[in-house]
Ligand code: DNO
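Single chain ahead, written as structure tokens, the form predicted on its own.
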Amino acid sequence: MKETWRWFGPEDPVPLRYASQAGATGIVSALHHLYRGEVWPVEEVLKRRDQIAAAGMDWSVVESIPMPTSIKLRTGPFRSNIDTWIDSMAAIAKAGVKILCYNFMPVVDWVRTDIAFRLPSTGYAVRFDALDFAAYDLFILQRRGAEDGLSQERIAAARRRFESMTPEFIERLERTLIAGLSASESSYDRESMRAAIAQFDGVTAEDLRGNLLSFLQDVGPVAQELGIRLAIHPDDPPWPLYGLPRIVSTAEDLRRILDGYNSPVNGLTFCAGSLGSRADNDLVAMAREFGPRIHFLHLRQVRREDDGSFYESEHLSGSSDMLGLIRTMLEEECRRARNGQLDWEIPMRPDHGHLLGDDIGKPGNAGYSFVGRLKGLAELRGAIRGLQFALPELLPAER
């Protein structure tokens, strides 16, 4: 696997040289200073490529070109926004980037309730607390219909949790939930959050899936001409939030997306942490089924709790079979190499590392500190090397 590293550009507190010191050979990046729907100019894209190359690495994956709500709803200026998206895709192709990760989550993308959950190790992780989320949705945001689908017991428990919250806690929770986490495409206050949600009133999962497939029909042929592989990111967490549909959460969801636009350019970012947040997702079975269409890997772990909560655990110890997943993807790489595929090597990155050591207290992006990801990458590298040593058949043949 190609070891890559998420970098948020020149303003990232973790500089490129740290990624190189960690052993990464590829960078995952985007033009975060151009994130409001404008076309990415070719000169800006080439500048980013050259910054990465000067540090001795290549720009392996774009994550992500922003996806405006108009495209998800296919309303308003969605045609011109798709044209803008295609123009940005053409610019990254000129820079030699071949993989484009994107998401189709409505209103919010990855969601957590706590960016500094204290671990027994005294380090910190990001966490989703299901009860805190329900309390926020029901009694702070006061979203119309927030009680739909919740049991009376869950509503009562959420009320008790809300009544125990201090004003300081509520402010911190709200800031974490809607003001924008690292790599989020949007940031809201309470009023704009309600308005954004209201745009999706009456939109079903089938509607949203249909809009995604229409988008793929619009951009897929261009991606094929450009040599770009599209890699949709799963929902995180993989279930509906704020009453909004989410359509990239289960094996059946992935199946319908891949079959709905059945082209090699239409593939997956296989995020083990996102998909692994659901106990009914068998990651190893999913990796076996969808392996040929997996273009990019996020290798991270979560520890699930019975009430739907979870937190980011160490990369090799959590609720999912990480070693089994790695082995399956190494087998997929070998299959590609035997078939003579030039793209046999799958880029992977460690994700959402713990906040550790002297990174604690430093400015940084939640989940993207240096030491925690360095530790995660080292653990993953050791697991890969160990599997290949024990099972030499997992080493790709000479090409």
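When you see a residue number, it is the position in the sequence shown, counting from 1. Small disclaimer: the values here were computed from a predicted structure and weren't measured.
One more form of this protein, predicted in complex with the named molecule, exists but is not displayed; see below.
**Q** Based on heavy atom distances of 4.5 Å or less, which listed stretch (153-161, 108-116, 256-264, 240-248) is in contact with the named molecule in the model of the complex?
**A** Comparing against the named molecule in the model of the complex, the contact stretch is 108-116.
**Q** In the model of the complex, which of the listed residues (63, 359, 332, 58) lies with a heavy atom within 4.5 Å of the named molecule?
**A** Looking at the other structure, the residue within range turns out to be 63.
**Q** Exactly one of 133, 311, 290, 102 has a non-hydrogen atom within 4.5 Å of the named molecule in the model of the complex; which residue is it?
**A** The residue in contact is 102.
**Q** Can we say 6, 233 and 349 each have a non-hydrogen atom within 4.5 Å of the named molecule in the model of the complex?
**A** Per the other structure, all of 6, 233 and 349 touch the named molecule.
**Q** So in the model of the complex, is the named molecule close enough to residue 368 to count as touching (4.5 Å, heavy atoms)?
**A** Yes - in the model of the complex, heavy atoms of residue 368 and the named molecule come within 4.5 Å of each other.
**Q** With heavy atoms only and a cut-off of 4.5 Å, decide whether residue 298 touches the named molecule in the model of the complex.
**A** Within the cut-off, so yes.
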